[in-house]
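This document opens with one chain alone, in structure tokens, the form predicted on its own.
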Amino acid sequence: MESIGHLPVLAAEVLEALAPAPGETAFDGTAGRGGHAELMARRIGPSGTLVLMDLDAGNLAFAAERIRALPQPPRVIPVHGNFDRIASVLQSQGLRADVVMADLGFASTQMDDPARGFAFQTEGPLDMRLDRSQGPTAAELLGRMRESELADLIYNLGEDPFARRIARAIIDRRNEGGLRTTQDLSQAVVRAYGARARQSRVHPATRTFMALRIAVNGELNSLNNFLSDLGKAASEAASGPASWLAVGGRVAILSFHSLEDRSTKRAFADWERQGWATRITRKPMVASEMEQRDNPRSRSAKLRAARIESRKEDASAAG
């Protein structure tokens, strides 16, 4: 098997929150290189079932092979696609999930491969698609956006205060015919920052690249659809009818962006107010100083988890 090339973030905390048990059914909607999936697989054992999903077909195949190579693997069902299809996938398999996991980050192997276009440090095509079999690339997106649209995208999804200046520089670079690679884009952003680039705590292009990746892959829409389907299933489970989500099931979402964390926080709080769930984490779990030192990509990670409940008669508002 090829090198794993990726460290799962908050591994111990994820395992603690999800508490997978022998014989259970687990769903990992963003399997990546299989780091969190392996932890769950070892807990649910040969009598359990593990559904793996990922937009990256190569990583999905790697993760499935990794799990099947365990001494006592569970039944493994790999599905290439978006995790917001959780309802149709589980229903088509006749399964009820006890454990649901979504890691909203991306694999280090994707970031480290220049051909994927995620990294601003290396030269590569402006692709940024998690699923390279479909959808527009970052280059195609940038090629048709108006300056105002691009500025709004960088400000809203990248939360960069210099979004207007950056958009102007990118459009100028495009008009000059020089916006073809990751380095072209990175240099345009650095130019927009000017002298501030030397003072910036992170590379000036960090937020712009993140905003484009989120837009190219529709990541916030996918998360909101995922949370909506989970909410419907939690309501059904709490009320008694059969659902693809088990009463007592645990849901964990690992986010790396404030907008992702905000959506997750609101959804879990709403489920609790409705009496469908109890939040396992009142505040998000974050990486320890040691983990942040060993794995810098864990610095922005926030983990939230909830447990699905049968409806409580005395459900009251939760903050």
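The structure presented is a predicted model; accordingly, all values stated were derived computationally and were not measured. Residue indices: 1-based, along the sequence shown.
Omitted here: the form predicted in complex with a small molecule. The next part is about that form.
Asker: Which among 168-176, 82-90, 145-153, 181-189 is in contact with the small molecule in the predicted bound form, heavy atoms within 4.5 angstroms?
Answerer: Every other range fails; the passing one is 82-90.
Asker: Should Q110 be classed as touching the small molecule in the predicted bound form when contacts are defined as heavy atoms within 4.5 Å?
Answerer: Residue-level check for Q110: yes, a contact with the small molecule.
Asker: Mark G35 yes when one of its heavy atoms lies within 4.5 Å of a heavy atom of the small molecule in the predicted bound form, and no otherwise.
Answerer: Answer yes; at least one heavy atom of G35 falls within 4.5 Å of the small molecule in the predicted bound form.
Asker: At the 4.5 Å heavy atom threshold, is D98 in contact with the small molecule in the predicted bound form?
Answerer: Heavy-atom contact with the small molecule at 4.5 Å: absent for D98.
Asker: Is S222 part of the interface with the small molecule in the predicted bound form - any heavy atom within 4.5 Å?
Answerer: Answer yes; at least one heavy atom of S222 falls within 4.5 Å of the small molecule in the predicted bound form.
Asker: Quick one: of A252, L55, A267, A26, which gets a non-hydrogen atom within 4.5 angstroms of the small molecule in the predicted bound form?
Answerer: The residue in contact is L55.
Asker: I need to confirm a contact call. Of G231, P204, P78, G105, which residue comes within 4.5 Å of the small molecule in the predicted bound form, counting heavy atoms only?
Answerer: Checking each option against the small molecule in the predicted bound form, the one that comes within 4.5 Å is G105.
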